[in-house]
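This document opens with one chain alone, in structure tokens, the form predicted on its own.
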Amino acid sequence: MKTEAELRHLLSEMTQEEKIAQTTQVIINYYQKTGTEVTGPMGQLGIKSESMKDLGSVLGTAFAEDVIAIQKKYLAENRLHIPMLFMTDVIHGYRTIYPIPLGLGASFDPALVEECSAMAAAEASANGIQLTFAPMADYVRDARWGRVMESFGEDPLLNSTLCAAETVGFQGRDGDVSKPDRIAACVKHVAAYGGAESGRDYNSVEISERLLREYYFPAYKACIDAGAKALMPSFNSLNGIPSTANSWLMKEVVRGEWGFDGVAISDWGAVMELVRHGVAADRKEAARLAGENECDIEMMSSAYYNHLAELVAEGIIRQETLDRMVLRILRLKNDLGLFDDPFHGASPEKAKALSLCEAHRALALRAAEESAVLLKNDGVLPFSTEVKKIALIGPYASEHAIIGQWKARGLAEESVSVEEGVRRLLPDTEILTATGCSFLWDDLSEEGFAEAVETAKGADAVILCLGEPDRYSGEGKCRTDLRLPGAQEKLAKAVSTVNKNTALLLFAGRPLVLTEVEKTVPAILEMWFPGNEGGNAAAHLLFGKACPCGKLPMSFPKATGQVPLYYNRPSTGRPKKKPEGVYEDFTSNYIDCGNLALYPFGYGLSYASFVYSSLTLDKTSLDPDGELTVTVRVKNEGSVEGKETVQLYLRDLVASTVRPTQSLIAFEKVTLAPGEERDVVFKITEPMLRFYDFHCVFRSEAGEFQISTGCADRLILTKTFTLTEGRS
């Protein structure tokens, strides 16, 4: 490892061209081509072949042998032997794929998130990857947005807790990313990328500073507080200024208030997109705006490469600014130990041994089981393992593409389908399959219905395997209709009508509208995109070898017209429950479906039967220097062991600004055996009651508060206490 003095000396040895090259990032596949002519994307960027030996980093997935070969070639040509940095999107696994983040969010389990992220880091690092563009800490409220699949959902506390856990998983608890099983985390997309207008990717975001600070900022800051080495500004404009050039956001808040001094990396082409946004007249001005904002690395555009030198020469950008940018890049490489081991432990043998190994598959299986959410169960599940004939019906019955988007080097064919999972669990049971219909939105054919219905009629148990194709979610995959695509709703009704012992397995990257399906199907199990072990997890859950314990990280709407939909909505002067003196027709309400979600945040059933018998407070008033103890007594009155996430919600009854009707302030996941009863204890302190007031002062105010347990919109026990004095 180099000392700070040695890094500064290395910086002083660099030419201006070498410095600027360190700030430029391109895709990895260029380095895997032979010859010297720069063609394709590189040719369009205007990067000369002789400059490639000095470029500081590349992005894109890789295998160990490729990284080792590229790094050797690069170091042989680089004058100062500054190692290249290899980055890619490791979102929910590298070779072994576990559930998409939205699914993993349903586990409400920071330890599980950390464990999965550490597994992904080990596989990625063995394959030569040194930094991941994750966690995606974007707070989301709109299921139309395709990238909700990468988020942990609609609650700032859950999002912050799990994003911090993911950061620690990637980087290790001691934050030493030089260790060969670690990778650096790059938190994205700062800021409010998940608040895109109309749920349309890359769209503008107009949000008050108060809402930014209370809902959208916390998860980014949690990652920085957890030690994230890098940060990515978002594509979108935020209150009129694209994040890449937003000095209030990046310099005042991120680097100033939050004290972040790591590397800032633009998103793909975002610097040159400042021209398309209309805030820069040309690429030179785009380079000026991003450079002055100290966005250290420009990804896949060449405004820095072509214009930074002249901007510095003209005195428009100070030399000290460029030097700070390059020094941060050198520090990151040093933190990763690349000056000592430029391959960061990459090894084809190690990569092969780790990828999809037994231990990693076992973790992926556990994650898939604990991420599944039982949405409905009219006594159908779990199915008996003694059934003689099973019907597997629907486009996902034998489908392997259940690992979701952003799957790095994961392969669909290496995943276990539902059919394979059920056959492995019940090898002697007769299993019949029928596709029934397509899952494509423009394919409304009912040609396969007759076969599906006939197959269902004679079965002891029917497993409906429906959902949206994995390519319908992810970046750029936004939807205006959140119902099941194609003829799947009709298929569900046709099949469940002829056989009441039917359960629906749902595969999706976002909350879907299930209002019509819910009316006819007796049981619904949300699997999300569960990863390589999805089929085994589904079989275990359906037949009682595992007990569902997931809770929704995002509300499921009754109709697409309800979105953006979120449980922690502000109070209104005319709530649906008619206030005194207000006519029935004039309340804040949808007259066709009401306001509430079909399935709210925090909701999820179990095969166990959890009864909340009491909620007690040890006092009725809280001093700002003290603490209040909340005890929730929970009993498992069922016949199987299960896990329950006990959730604690707060409502500030009177405040200087309108407050949410409910906000999650704490949660704890517990395991209870049949008949076991436990007290779950939470400690409430004054800082937990703070909010951003009209002037964006983070403060608490004296007054009355409600504490409740249950899940959003379905609170079951409530107590009241008073804060004696507010603080800021």
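Quick note: we count residues from 1 along the sequence shown, nothing fancier. Fair warning: this is a prediction, and the values are worked out from it, not measured in the lab.
Keep in mind that the form predicted together with ligand GLC is not shown, yet the notes after this line are about it.
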Partner-facing stretch of 183-191, 71-79, 373-381, 563-571, counted where any non-hydrogen atom is within 4.5 angstroms of ligand GLC in the predicted bound form | 183-191
Please state whether every one of the three residues W268, M299 and W406 places a non-hydrogen atom within 4.5 angstroms of ligand GLC in the predicted bound form.
-> yes
None of A120, V462, M232, A286 but one has a heavy atom within 4.5 Å of ligand GLC in the predicted bound form; the exception is M232
Heavy atom within 4.5 Å of ligand GLC in the predicted bound form, from candidates Y215, F133, Y472, Y305, belongs to F133
Ligand GLC contact in the predicted bound form: R147, any heavy atom under 4.5 Å = yes
With the cut-off set at 4.5 Å between non-hydrogen atoms, does L59 touch ligand GLC in the predicted bound form?
-> yes
Report yes if any heavy atom of D335 sits within 4.5 Å of a heavy atom of ligand GLC in the predicted bound form; otherwise report no.
-> no
Is there a heavy atom of D89 no more than 4.5 Å from a heavy atom of ligand GLC in the predicted bound form?
-> yes
